[in-house]
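Here we start with a single chain on its own, the form predicted alone, put down as C-alpha cells.
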Amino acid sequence: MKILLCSLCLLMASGSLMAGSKVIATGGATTVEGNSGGGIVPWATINGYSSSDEWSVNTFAGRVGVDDFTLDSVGIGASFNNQWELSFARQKFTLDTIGGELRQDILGIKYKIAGELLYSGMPQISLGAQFKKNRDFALPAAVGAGDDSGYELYLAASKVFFDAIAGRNLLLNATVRSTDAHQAGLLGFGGAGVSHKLMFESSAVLLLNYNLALGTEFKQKPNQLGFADEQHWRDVFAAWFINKNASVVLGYVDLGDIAGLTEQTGFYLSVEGTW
C-alpha cells in the first residue's frame, strides 16, 4: 500500500509531461489484468491517449484486499494509433488465511476493429487476447487444474451516450470472453472435463464531469473446478482522471466464494501513469 501511495504522489506531479491527443478519460483505467477497462472488466477502449500516428505508454499498480486474500498487480502497457494495445501484468495472490501465495503473468494484446467510443453511431468494438502463465502451480494442480498456462479471447463493445442521465454522459460496455481459467487463472487452467466457455462481462459508468466517474461492473465466472464453487465477480468504483498523466480508481469488490472461503468482499485501489 505504501508503494501505491508513493506512486500516486509522483503521478500527481507529472501534469507537465506530454500526453496524446485523445480526450481525457477515453482511454479508460487499467484492470487488474493490465488491459484497458474498469477494474475487473476489459473494455473496447485502447489504453492511454495516443491518436493517429501517436504512441502512448502506461504503467499501473493495483491492490484488491478481501477477507481472506490480497491480490497485488503491477504492469506496463503501450498503445499506437488508438488502435493497438499491448500489455503485461504480474499478479501476486496472497493467501492471507491459508498461507502462501500464487503468482501469475499476463501478456495481452487488443485491436480496435470498428466504431468509435464518442463520435459515431457504431460502438467501439475491439478484439483482445491474453496469454496467462501461473508461476506457482503446485496448489492449482493439487485441486484439479490441468495446466499452468492458458489463453483467453474476448470481444468488447463500448459506447458513450451523451446527456443520458440527468445531463451526464454514460459509458456502457459489454464483453464476451472465451476461457478455461479457474479464478481468472490464479488457480490454473483446464483439467478433467474442463473446456473453454463463453462468459459475459459488463460495465456501466456515469461520467460526472470530464474527469470524475462512478461505475459498476459484472464478471461472469465459469465454475469448472470441482473442489470448490467459483462465483461471479462484481464491483462498484469511483475513478478520478487527475490529468492525462495520472488516474486513480477506488472501489468495492465482491468476489463471492474463493477456494471454499465464503463471501470475499473488500476494496480495490489502482493508480496509473500515462505518457
Partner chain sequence: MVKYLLFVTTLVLTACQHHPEASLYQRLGGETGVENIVDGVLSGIEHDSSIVHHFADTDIPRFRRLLIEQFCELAGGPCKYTGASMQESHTGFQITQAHFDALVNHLISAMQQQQVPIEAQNEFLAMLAPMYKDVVYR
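Source: prediction; values computed, not measured. Numbering follows the first chain given and starts at 1.
One more form of this protein, predicted together with the partner chain, exists but is not displayed; see below.
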| query | Applying a 4.5 Å heavy atom distance criterion, does Asp148 contact the partner chain in the model of the complex? | reply | no
| request: Would you check, heavy atoms only and a 4.5 Å threshold, whether Leu208 touches the partner chain in the model of the complex? | output: yes
| said: Can you tell me whether Ala166 touches the partner chain? I mean in the model of the complex, with a 4.5 angstroms heavy atom cut-off. | reply: yes
| query | Any of the heavy atoms of Thr265 lying within 4.5 Å of the partner chain in the model of the complex? | reply | no
| Within 4.5 Å of the partner chain in the model of the complex, heavy atoms considered, which of Gln104, Ser126, Asn82, Thr175? | Asn82
| Looking at 194-202, 115-123, 177-185, 93-101, which lies within 4.5 angstroms of the partner chain in the model of the complex, counting heavy atoms? | 115-123
| Contact test, all of Thr59, Lys110 and Phe218, partner the partner chain in the model of the complex, heavy atom 4.5 Å | no
| From first to last in sequence, which residues of 86-100 have any non-hydrogen atom within 4.5 angstroms of the partner chain in the model of the complex? | none
